[in-house]
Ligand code: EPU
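Let's start with one chain on its own, the form predicted on its own, as structure tokens.
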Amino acid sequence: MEIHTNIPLKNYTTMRLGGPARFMVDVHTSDELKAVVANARSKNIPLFVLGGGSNVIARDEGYNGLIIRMRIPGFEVVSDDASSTTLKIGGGEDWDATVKRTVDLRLSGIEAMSAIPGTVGASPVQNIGAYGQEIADTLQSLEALDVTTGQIVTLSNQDCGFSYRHSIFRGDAKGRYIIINITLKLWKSLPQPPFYDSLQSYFDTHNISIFTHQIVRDSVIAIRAEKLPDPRDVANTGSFFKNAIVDNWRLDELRQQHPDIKTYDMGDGTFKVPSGWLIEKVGAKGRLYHGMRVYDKNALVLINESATGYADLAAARDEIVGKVRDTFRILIEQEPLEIE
């Protein structure tokens, strides 16, 4: 285990912005993690955990602390019965590679989250989701290092405080836990309709009426390839903005002013309004703001076309947020976390 110094964060984040990290280390076991954290805390060095770098933003000043790159492996069947299989998966595993393994095992529950970049350990942090599935649907528990005590603890699904693109790990307990592994319960049944609208539309367009795990995965990968630029080729963080959540009374007002507004019933008296639709409606889709391009195939995505620093990104974000706020009286929020 080697600790590196003065490492440019722009080389480790997919938006390709950010100054140097004071320290950086890869951890491959829970013992290594405990030792690194204990040493950093004894010296009052701040910590930030980095997975694949695809859902984080680094600032120009860098990070005056220790970046821990999660690399703990693992893929273990912990229980199995006639209808389900429960897996324990290391936090350093690649998320999409993990989805592929579960699909190869003919297990349902995360196949619609194919092609999401990042690591398994990052998946509960923002409660990742796509095409009608989210990690909260299948996560049974997780093991994490409690940074405040130095002890490894087990947290249940309920303990994680999941909501739309949110959890305690980016809320009240931000910075307290480092996720070591997660336990998922997946199903042996075939994927069943109803499917998310855009996924069903793809099935209809391609005359697909038999739904296997592999067909759902392949379809999602095809949709995402059309709508989302590959961060390995184009500097971006995937969906930069969260979809907006509004109450029923607010939606009624919006429908009066914008009868064509798109919504998704969240089932709890609130409705999801696609932020990409809002951004497109204010004329921002495809436009360049301070070196950041609103992707012409998906207005949720910002591409770093010529931005030279975090200030450019922040200015572009704020201008787009302001346009949506002024037109719809809806405040859309940034999805990626910031290293701070």
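All residue numbers are counted from 1 along the displayed sequence. It should be emphasised that the depicted structure is a prediction, and the values quoted were computed from it without experimental measurement.
The discussion below concerns the form predicted in complex with this ligand, not included here.
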- Determine whether any heavy atom of residue 196 comes within 4.5 Å of a heavy atom of this ligand in the predicted bound form, and answer yes or no. yes
query = Is residue 246 close enough to touch this ligand in the predicted bound form, meaning at least one heavy atom pair within 4.5 Å?
reply = no
Item to check | residue 237 within 4.5 Å of this ligand in the predicted bound form, heavy atoms | outcome: yes
Check your understanding: Could you tell me if residue 95 has a non-hydrogen atom within 4.5 Å of this ligand in the predicted bound form?
Key -> no
May I ask whether 27, 52 and 71 each come within 4.5 Å of this ligand in the predicted bound form, counting any non-hydrogen atom?
-> no
With a 4.5 Å heavy atom cut-off to this ligand in the predicted bound form, the contacting stretch among 166-174, 146-154, 187-195, 129-137 is 129-137
Exactly one of 228, 251, 221, 208 comes within 4.5 Å of this ligand in the predicted bound form through a heavy atom, and that residue is 228
This ligand in the predicted bound form has a heavy atom of only one listed residue within 4.5 Å, and of 285, 34, 41, 290 that residue is 285
Checked 259-275 against this ligand in the predicted bound form; residues with a heavy atom within 4.5 Å, sequence order, are 262, 274
